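Only one chain is given next, in structure tokens, and it is the form predicted on its own.
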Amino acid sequence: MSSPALIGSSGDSLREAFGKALSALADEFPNLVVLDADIAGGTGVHHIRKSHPGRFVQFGIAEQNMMAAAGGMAAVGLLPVVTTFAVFCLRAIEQARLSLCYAKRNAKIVASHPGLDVGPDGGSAQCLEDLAAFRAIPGMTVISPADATETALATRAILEFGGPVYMRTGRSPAPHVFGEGHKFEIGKGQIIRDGSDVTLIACGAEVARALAAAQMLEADGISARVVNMATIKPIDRELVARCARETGAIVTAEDHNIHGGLGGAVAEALAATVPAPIEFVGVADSFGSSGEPEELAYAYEIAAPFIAAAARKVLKRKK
């Protein structure tokens, strides 16, 4: 178990935390190059454009070309980091599949503006399918950190990791979940609040909401464990199985379609290890709409009260 989590005031957005971390790490990784599709201000990489302009490559609005070029750069020993909005990554799925994963290239994709966090830009810009799409590509590691602290740690981790990675960041200021002593390891989930009745497994923006839900449940005498599952692929099957054994009921929470993302990965792990009743909190197979992120979290039922309601529901199925 990691050090206890906290829910503090909002700090940096995940995209800004990523951009600052990337700039700070550039000298440590001399082969690092950053690829941009004309939205550096929206992804956080404006920091490295300013600090290391020679490592910043502008592709314009040409995501497929950018993704394919990353494979070529990796082939000659560079460490390319492809940056754009999550929804625009969907344009370049084929290139990510062939130029990065099929070719086994050491390149990273870091996508901002995922899920309902996009807010006022509306349903056409709210990417609710990316975790599922990239999780299905052989050889792709998929990560969704919870706050700015974890994003900075994950940025270092993916640069040190050998192989293709897809990592989400985020548009909006994010609540502080972790303190300075937080540790991040690719492929490992963490129990950040213990409990014995039900386990809430969350990623990204939903981790803070799962912690809030656990507090709501505590007021009703329900002891909820909260797991930060920042790595969706490879999922931490050992931890999922342990939580199923020890609490007997699971709720997953993600800012993503309920199909194919964190919930699907956890369900697969449960089926292969310790089956247990599970409820899925996510967007119920629909497109989003325009609104502020927190308003949308309530409209699409991924806010803390809906996580708590899912926990009460799954407890009724617990034997």
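Since the structure is predicted, the reported quantities are computational estimates derived from the model, not experimental observations. We number the residues from 1 along the sequence you see.
There is another form of this protein, the form predicted together with a further copy of the same chain, and it is not shown here; the text below is about that form.
The stretch in contact with a further copy of the same chain in the predicted bound form, judged by heavy atoms within 4.5 Å, is 97 to 105, chosen from 196 to 204, 215 to 223, 97 to 105, 178 to 186. For the three residues L90, R135 and I278, a heavy atom within 4.5 Å of a further copy of the same chain turns up in the predicted bound form in every case. At least one heavy atom of I258 is located within 4.5 Å of a further copy of the same chain in the predicted bound form. Not displayed here, a further copy of the same chain is kept clear of Q190 by more than 4.5 Å at the level of heavy atoms in the predicted bound form. Heavy atoms of Q126 reach within 4.5 Å of a further copy of the same chain in the predicted bound form, making it an interface residue. Proximity of Q64 to a further copy of the same chain in the predicted bound form: non-hydrogen atoms within 4.5 Å are present.
Within 4.5 angstroms of a further copy of the same chain in the predicted bound form, the stretch 238 to 271 places a non-hydrogen atom from each of N257, I258, H259, G260, G264, A267, E268, L270, A271, taken in sequence order.
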